[in-house]
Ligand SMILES: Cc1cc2nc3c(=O)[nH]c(=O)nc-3n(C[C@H](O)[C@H](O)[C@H](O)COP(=O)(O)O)c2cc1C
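First comes one chain, alone, set out as structure tokens in the form predicted alone.
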């Protein structure tokens, strides 16, 4: 492992014409990175955030739920919308519709999702089976939306015997992709095993466009190690932020040489309330309750009695139930 050194924020990071001064990105995560989550990530220090990935078929059919997943507010900028699909015509048309209606800062193409219901149709990381298809889909989006950066998030290959990430990056750079995020696990790995960061370095050394590293970043030290070992231009945080949006602040502090203070139990409990209030203002009750329970299950860990509190929240059924229980939680731990 390379010796660690101080890393400075790249104030000249450019993705296409988009200029960025913060190389810490929130990854798109299905069922997670909605408006509420993105707002919190931005408040905690994320430089760029992404929507949940959206179906190109849902977009061209003008499915309102799909458009809702892609919708955002100006306060969340810079923001990317991630789209997936297996038909280049459909993906291209959907990208054009997304740009025309929502004007995101980035459109990202998902070649990374390993979920079978996506990959079996040749979408997500399933596109890595045929780089010609991957290139065709990407070209369609580039042609449809020349106004903003088009980026790609991908895995390293289908399995350990078919690693194609570097070859794909070289091809994608040639056709005009502005940046690539590499999660160096294979499709077959899904979320098991370890991400092979050496593939991020290999990709970075093979192209001139920005490379964003993703995978196995759980804290600021991991982030520094990825920068050092791979030379990547930015990092993208996914599961490492679940129940821990402070990771963005911690990494930013590390990058800028500021003292970092871990979140206290009071901070965690206050974040439960903050997240709940955001969900209440943007979701119907049933969705709000279900999402609140999911996120509180991540927030409420690492202290005496945490499992008991999680169990209490898991049986709530209404917004009023959650509100009452949160008040009890605040009183229990003397949180103001």
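What you are looking at is a predicted structure, and each value in this text was computed from that prediction instead of being measured. Numbering follows the first chain given and starts at 1.
The same protein has a further form, the form predicted in complex with the named molecule, not shown here; the description that follows concerns it.
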- [ ] Please state whether every one of the three residues 110, 191 and 216 places a non-hydrogen atom within 4.5 angstroms of the named molecule in the predicted complex.
- [x] yes
Open item on the list: Heavy atoms within 4.5 Å of the named molecule in the predicted complex: which stretch in 86 to 94, 134 to 142, 235 to 243, 156 to 164 meets that?
Closed with: 235 to 243
Task: One residue of 37, 309, 276, 53 in contact with the named molecule, assessed in the predicted complex (non-hydrogen atom, 4.5 angstroms) - done: 53
Open item on the list: I'd like to know if residue 125 sits close to the named molecule in the predicted complex, meaning any non-hydrogen atom pair within 4.5 angstroms.
Closed with: no
Task: the named molecule contact in the predicted complex: residue 296, any heavy atom under 4.5 Å - done: no
Task: Close approach of residue 30 to the named molecule in the predicted complex, 4.5 Å, heavy atom - done: yes
Task: Those residues of 70 to 91 which, in the predicted complex, come within 4.5 Å of the named molecule by heavy atom - done: 82
